[in-house]
Ligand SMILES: Cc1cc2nc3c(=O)[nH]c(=O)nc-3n(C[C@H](O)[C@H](O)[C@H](O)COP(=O)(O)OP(=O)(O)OC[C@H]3O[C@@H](n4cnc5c(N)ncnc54)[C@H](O)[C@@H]3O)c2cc1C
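Quick setup: one chain, the form predicted alone, written in structure tokens, and binding and motion questions come after.
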Amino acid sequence: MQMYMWSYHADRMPQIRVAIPGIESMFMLCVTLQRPLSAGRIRLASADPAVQPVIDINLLAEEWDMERMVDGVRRAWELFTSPTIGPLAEAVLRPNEASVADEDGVRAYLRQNVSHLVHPVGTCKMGPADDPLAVVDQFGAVHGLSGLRVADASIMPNIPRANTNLTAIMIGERVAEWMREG
């Protein structure tokens, strides 16, 4: 799990004034799971490449993910309301203390507010050619198509316990090296 703290000021992000009238600056603590068990799905809606695919993110489908997020929100609340950080803020906008204290309340808050970190991975499964779900081999070569490779986060089997950027760069560099050698 990671927690990210951001600060915003309406001069740099004027949408704050629209979203929360009367607020000129704020800071936010975001709780994130780095290795969720819940998995989403993506499928083609049509053979027409102009039609967007159907994406089911499926967040918090696994109870273990929900339990970890409940714990994370409560830890973030303790941090936000601590004697060190609490006095720096006029108010905590959400969640509220009652929601955090109540098991059903914190779960409802999470179901309404949870989002993703735009770190999609695993949409082009790596595996042997006889695996009907595998798209690429261990070198990123697409099964059944000569000369085509996939060299991005889509071939990762799981989300790494970090942001996906550096891992995706490493995959691209390694596949490029194999292409130069081959």
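Keep in mind that what you see is a predicted model, and the values were worked out from it rather than measured. For every residue, the number given is its place in the sequence shown, counted from 1.
Keep in mind that the form predicted in complex with the ligand is not shown, yet the notes after this line are about it.
Participant: Would residue 136 sit within 4.5 Å of the ligand in the predicted complex, counting heavy atoms only?
Facilitator: So residue 136 does not count as contacting the ligand.
Participant: Is it the case that residue 159, even though its partner is missing from this view, gets within 4.5 Å of the ligand in the predicted complex, heavy atoms only?
Facilitator: No, no contact at 4.5 Å.
Participant: Heavy atoms within 4.5 Å of the ligand in the predicted complex: does residue 65 have any?
Facilitator: The answer is no: residue 65 has no heavy atom within 4.5 Å of the ligand.
Participant: Spell out, yes or no, whether the shortest heavy atom distance between residue 153 and the ligand in the predicted complex is within 4.5 Å.
Facilitator: Contact check for residue 153: yes, within 4.5 Å of the ligand in the predicted complex.
Participant: Could you tell me which stretch in 118-126, 24-32, 38-46, 137-145 has residues with non-hydrogen atoms within 4.5 Å of the ligand in the predicted complex?
Facilitator: Single hit among the candidates: 118-126.
Participant: Quick one: which residues from 158-172 get a non-hydrogen atom within 4.5 Å of the ligand in the predicted complex?
Facilitator: If the 4.5 Å heavy-atom criterion is applied to the ligand in the predicted complex, 158-172 yields 163, 164, 165, 166, 168.
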